[in-house]
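Quick heads-up: it's one chain on its own, the form predicted alone, in structure tokens.
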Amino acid sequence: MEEELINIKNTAMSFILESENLESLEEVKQQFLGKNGKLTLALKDISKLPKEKRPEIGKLANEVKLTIEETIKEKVAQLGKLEYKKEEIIDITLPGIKPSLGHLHLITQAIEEISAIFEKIGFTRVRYPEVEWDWYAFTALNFPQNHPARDDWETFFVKQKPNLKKGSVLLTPHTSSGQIREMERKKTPPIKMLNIAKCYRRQSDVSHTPMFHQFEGLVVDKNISITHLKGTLDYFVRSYFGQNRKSRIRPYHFQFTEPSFEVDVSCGVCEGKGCKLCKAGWLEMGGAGMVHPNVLRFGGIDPKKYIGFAFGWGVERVVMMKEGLEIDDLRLLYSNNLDFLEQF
């Protein structure tokens, strides 16, 4: 029995070392360690031996089995490396695989386009804090203390000790706070500012998100009139939406402008004739108006010498209104849905 086990080990070792691939190695494994393998059958015969010889032969049999198993593992590792090296061979004549490239988010693209449009007519791009004082966000913009916009349900207030002069800390609800900061910075007109920033309000539905972007224009100089405002509006609408689109202004009310206007853009689907989308040929874009004298005073500008106009619109809103885009839910823009985002 002892001689048989030694012969099984030597034969198995020889077959294992001669194996050239994993398939032939698996055949050797089954030949010796399988259900009907030579070593398996030999182990069954140990029970037929005299009791005094069983421990010694059993020990030898286990050693033979362990040796075969370890040798098979080493051979598997060796053959696996050879297979890997074969697959690793590179044909330098083959064309390379281009890595996938990302692109700017749709909103970032819009911000760059809007900035470029206004730069062409002399507007200077500025940036101001998103975490702001109540003074800049409301008081200096002519908002009374009891205005609904100052309610906790409308504005995100920050838990921080208020400033005696500037009031509470908040996440700016609009880019209009940049008007006061720009007037304080420039001190003396002319001023021609474009402020694009994130804004925050407690709103979330198909047309609102808690965080959104606005772009704010401010022009302050002598002899400024509504004609200058309307000309700027027409220029932007034609440049951004297309040469066939038009703008119009309607009387409205904003705390920081007087007179104030809502700005509409002619519908790109029906070209202003009226359809299911626009109902009457026009789509609302945002607000505008002549800067309120109180706002000029709060900004350190003499309203008797200077006058100005301002406008503030949502970046996401003008994107949704652009011809060729069919975005029926604003929240899609921030959903991280690659199937949607990769279209732009």
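Model, not experiment: these values are computed from the prediction. Don't overthink the numbering: it's just position in the shown sequence, from 1.
What comes next is about the form predicted in complex with a small molecule, which is not displayed.
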| query | finding |
| --- | --- |
| Heavy atom contact within 4.5 Å of the small molecule in the model of the complex, the stretch among 170-178, 92-100, 121-129, 238-246 | 170-178 |
| Interface residue in the model of the complex among 28, 295, 315, 310, criterion: non-hydrogen atom within 4.5 angstroms of the small molecule | 310 |
| Option touching the small molecule, based on a heavy atom within 4.5 Å in the model of the complex, out of 214, 155, 209, 139 | 214 |
| Proximity of residue 257 to the small molecule in the model of the complex, heavy atoms at 4.5 Å | yes |
| Residue contact check: residue 281 to the small molecule in the model of the complex, 4.5 Å heavy atom | no |
| Exercise: residue 37 in contact with the small molecule in the model of the complex, heavy atom 4.5 Å | no |
| Interface membership of residue 201, the small molecule in the model of the complex, 4.5 Å heavy atom rule | yes |
